[in-house]
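The chain that follows stands alone, in the form predicted on its own, written as structure tokens.
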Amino acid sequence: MRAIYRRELKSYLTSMIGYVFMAFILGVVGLYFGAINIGSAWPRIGDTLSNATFVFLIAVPILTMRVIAEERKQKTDQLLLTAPIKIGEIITGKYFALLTIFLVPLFVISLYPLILKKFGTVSMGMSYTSILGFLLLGCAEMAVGVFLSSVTENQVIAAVLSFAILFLSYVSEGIAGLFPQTAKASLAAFILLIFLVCLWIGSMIKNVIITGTITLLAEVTLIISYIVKPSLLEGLIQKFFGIFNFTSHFDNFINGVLDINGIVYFLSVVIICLFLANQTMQKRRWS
């Protein structure tokens, strides 16, 4: 794992992509810091970070698109897959290299509360809780990027997929608000979602019978639930979108709350996405 980590980290530091990522985050956060905290004499660093979360929508896909997709395109993944090393160690080494690149701008950002304190009273606990939330948010979104980089050998497609998923998460609250909180609206939305998910599963397993059976069982179960107890579906689509809303879990950290549920949520996203990336590479190793 150390060899993978060192190789990945070196690749970021000997090319422009790592520096672009760090400069972009520092540039955007620095602009908001100057406008909100310095210009307006506002002591809460969390508000700066909250306004700057959109930076991940652009920076994360650019950084993560090549993590695994480039290995597949250049066929160097064959060397990794046949090497006496666990797939999990490959994924973990690559992910830790990404985290290291992310920690550089985060270290600079962690100095901002100290700068603000020179000019007045600043809640250091609230400030560093906000920075912790920003760190967890970035970790979760980078894990999403790693997984999506593992499903294709095209870096552009990996970047577009990462941007699309992260953007949907970013606006998920607004999308959920488009649906009425009725059982009928949830039923229609879930019928479509189940169809799309099963379509994706079918493209992965290449088995029409299994895919059709899963789709039929899921759709019939949903319709029976609606007929038997429609109240179960009321507002369910809003709750579903809420699961993917990273920003809502970040909000508590902005307000200085060390949200254990939020920490568990972000770490769960990281573990699930790295597990899925691991499974994708395992499939290639044995195919």
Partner chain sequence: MKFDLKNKLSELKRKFTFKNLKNTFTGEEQKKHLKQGSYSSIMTVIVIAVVIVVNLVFGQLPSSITQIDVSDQKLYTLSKEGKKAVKDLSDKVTLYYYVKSGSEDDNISKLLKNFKEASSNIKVKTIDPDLHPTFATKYTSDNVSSGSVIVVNGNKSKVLSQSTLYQSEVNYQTMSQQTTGFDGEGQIVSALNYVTNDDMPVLYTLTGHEETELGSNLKDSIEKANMEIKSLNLLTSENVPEDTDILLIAAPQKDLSKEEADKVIAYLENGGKVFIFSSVNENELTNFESILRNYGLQRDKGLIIEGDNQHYIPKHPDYLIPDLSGSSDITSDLSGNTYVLTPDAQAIKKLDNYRDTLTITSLISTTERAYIKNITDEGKISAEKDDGDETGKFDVGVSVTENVGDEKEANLVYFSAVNMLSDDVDHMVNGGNTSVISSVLTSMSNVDKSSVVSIPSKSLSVSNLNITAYSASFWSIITMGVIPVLFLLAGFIIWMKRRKQ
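Only a predicted model underlies this, so the values are computations on that prediction, with no experimental measurement involved. C-alpha atoms forming the largest set that superposes within 1.5 Å between two forms make up the rigid core. Numbering follows the first chain given and starts at 1.
Another form, the form predicted in complex with the partner chain, is not on view; read the next lines as being about it.
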Review point. Heavy atom within 4.5 Å of the partner chain in the predicted bound form: which of 196, 79, 216, 209?
Key: 209
Review point. In terms of non-hydrogen atoms within 4.5 angstroms, which of the given stretches 186 to 194, 92 to 100, 111 to 119, 161 to 169 touches the partner chain in the predicted bound form?
Key: 111 to 119
Check your understanding: Do heavy atoms from each of 26, 258 and 261 fall within 4.5 Å of the partner chain in the predicted bound form?
Key -> yes
Check your understanding: in the predicted bound form, does residue 174 have a heavy atom within 4.5 Å of the partner chain?
Key -> no
Check your understanding: Quick one: is residue 252 in contact with the partner chain in the predicted bound form, heavy atoms, 4.5 Å cut-off?
Key -> yes
Review point. Does residue 126 make contact with the partner chain in the predicted bound form, using a 4.5 Å heavy atom cut-off?
Key: yes
Exercise for review: Using the partner position in the predicted bound form, report whether residue 66 sits within 4.5 Å of the partner chain, counting heavy atoms only.
Suggested key: no
Exercise for review: Could you list which residues of 13 to 27 come within 4.5 Å of the partner chain in the predicted bound form, counting heavy atoms only?
Suggested key: 13, 14, 16, 19, 20, 22, 23, 26, 27
Exercise for review: Verify the C-alpha shift of residue 167 between the shown form and the other one: is it 2 Å or more after superposing the core?
Suggested key: no
Practice item. Indicate whether residue 198 shows a C-alpha shift of 2 Å or more between the shown form and the other one, with the rigid core used for the fit. Key: yes
